[in-house]
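Take a look at this single chain in structure tokens; it is the form predicted on its own.
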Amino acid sequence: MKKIEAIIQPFKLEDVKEALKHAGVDGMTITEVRGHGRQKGHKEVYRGQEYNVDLLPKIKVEIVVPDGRLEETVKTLADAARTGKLGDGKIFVTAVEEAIRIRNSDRGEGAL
């Protein structure tokens, strides 16, 4: 099993959710996060004062999939989140040792 963590633009969340739903991905965790990469933030003016906003709002999507579904899921997610502009985000893939469903103690891919 693999865990996919994607950091995406907030306005792309609905597109990503719909694309993953159509691809048959059942479960995901969504978290509001803040950060920056090459974007480095921007300046804003509030009540006449200029502020550096260096931590930008992003959305973190976490999904665990069987090994056989990894490439399809990553491609679907990337295609749905892509705008072609700086700040589109990143996708990270890590191995998952075990998954356990709390309700009935199912283990492995059966717990997904």
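Heads up: residue numbers just count along the shown sequence, starting at 1. In this text, all values refer to a predicted model and were calculated from it rather than measured experimentally.
Only in words, not in the display: the form predicted in complex with another copy of the chain, which the text now covers.
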Exercise. Verify the contact flag for Val96: yes if a non-hydrogen atom of it lies within 4.5 Å of a non-hydrogen atom of another copy of the chain in the predicted bound form, no if not.
Key: yes
Quiz item: Is Gly27 close enough to touch another copy of the chain in the predicted bound form, meaning at least one heavy atom pair within 4.5 Å?
Solution: yes
Quiz item: Contact between Arg103 and another copy of the chain in the predicted bound form at 4.5 Å, heavy atoms?
Solution: yes
Exercise. Could you confirm whether His22 comes within 4.5 Å of another copy of the chain in the predicted bound form, counting heavy atoms only?
Key: no
Quiz item: Hey, which residues along 1-30 are within 4.5 angstroms of another copy of the chain in the predicted bound form, non-hydrogen atoms only?
Solution: Lys2, Lys3, Glu5, Ile7, Ile8, Leu13, Lys17, Lys21, Asp26, Gly27, Met28, Thr29, Ile30
